[in-house]
Ligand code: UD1
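One chain comes next, on its own, written as structure tokens: the form predicted alone.
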Amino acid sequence: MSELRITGGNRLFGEIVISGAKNAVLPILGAAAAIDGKVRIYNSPDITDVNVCAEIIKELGGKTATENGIMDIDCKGICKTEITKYTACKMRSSVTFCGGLLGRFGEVSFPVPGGCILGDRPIDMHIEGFKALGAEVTCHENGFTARGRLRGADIALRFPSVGATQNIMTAACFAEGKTTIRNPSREPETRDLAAFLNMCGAKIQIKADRIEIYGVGALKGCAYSVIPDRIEAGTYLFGTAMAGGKVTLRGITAEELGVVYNILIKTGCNIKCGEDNVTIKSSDRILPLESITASPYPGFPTDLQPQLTAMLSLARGQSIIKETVFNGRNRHIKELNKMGANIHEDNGFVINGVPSLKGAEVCCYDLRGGAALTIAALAAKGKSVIKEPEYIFRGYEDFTRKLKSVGADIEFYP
């Protein structure tokens, strides 16, 4: 069994360059399958999930090549519209291929997706969106098949689902007439997908409370640079706040960090911002947060909830975090408590800050939970072992190298 071995207690000093956003590049790669031509993606992170997307594109009949963060994609030769269980089970984001394939070819078959186990993660809103656009959808035990010529529709989402918004938006580029998505995802990554599609010839307008898409029938290739990963940046900032030290993140701004920047200020961290960098300096225990809720953008991102939970485990007092997006995003709690944290669930995560954590053997159950355990281990006294860290590599480029570059004592053993 693979593992990360970490000896905690080192303060962190130096610089880390932030990679392209996992949550932005994956839907862009899914949409690329809808383009009868060549696409070049700059700032593409070298992570497992991107490699799975490349595998899906090749499985469908397309071509990909990656070098130095530049990914070239040619989907002209796509001749299949069925995503196999073999590739779909590797990550949930494989579902983002459905909207583009349905729009371009008029059909798509998709199995039950895989990915991190975070509780209930249905794809019913994706299916409802395809139906609203005029597709005939047949659901079965192992997935669904959608077929039909698409037409514009007025679609109101009962929850601002990121994936459903992105899938419907991509499919609607091929629909006849105008499509309006109400109560859509407002995440920066959704805006990034819209910007990419517009460069490919789409006509998408993002309003305050809706997204309007005017069908264009076909999309052309383009060159596009992915936005920086605000979740990766938040992870390293929270880790520095826990371990202490001074770290500068390159390629990210305070504006792109959003609410994360404000949280760091509230917890007493010393933050300075430049035009394309953020520097954090930490030398003392952080202040607690009375209450914070993980919710859709512009709220605090659920993908940073485990890392914030870890950081607040060392705060000077009690904090409460409520998770409203994934009802199963809690498996890191038990593992953090093995390291000496004092956390329990009572209408949220009640975190009673402790003076220090201790090294322990813990298990990584999902991507962000694994990142949380890692930054906790950096701050803990003694040695920690994190089992099954491959989850982490799904979303963090050069994870161990970047941490070692700022002084962390961390090694990966495959």
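Keep in mind that what you see is a predicted model, and the values were worked out from it rather than measured. Numbers follow the displayed sequence, beginning with 1.
The following text describes the form predicted in complex with the ligand, which does not appear among the structures shown.
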task: With the ligand left out here, work out from 72-80, 270-278, 123-131, 201-209 which stretch has heavy atoms within 4.5 Å of it in the predicted bound form.
output: 123-131
task: Please pick, from Arg186, Arg285, Lys90, Arg329, the one residue with any non-hydrogen atom lying within 4.5 angstroms of the ligand in the predicted bound form.
output: Arg329
- prompt: Heavy atom within 4.5 Å of the ligand in the predicted bound form: which of Leu289, Val162, Leu257, Ala294?
  reply: Val162
- prompt: With the partner left out here, if you bring back the ligand in the predicted bound form, are Leu26, Arg158 and Val325 all within 4.5 Å of it by some heavy atom?
  reply: yes
field: Distance check, Asp192 to the ligand in the predicted bound form, heavy atom within 4.5 Å
entry: no
query: Could you tell me if Ser109 has a non-hydrogen atom within 4.5 Å of the ligand in the predicted bound form?
result: no
query: Using heavy atoms and a 4.5 Å limit, would one call Thr248 a contact residue for the ligand in the predicted bound form?
result: no
message: Suppose contact means any heavy atom within 4.5 Å; which members of 280-318 contact the ligand in the predicted bound form?
response: Thr302, Asp303
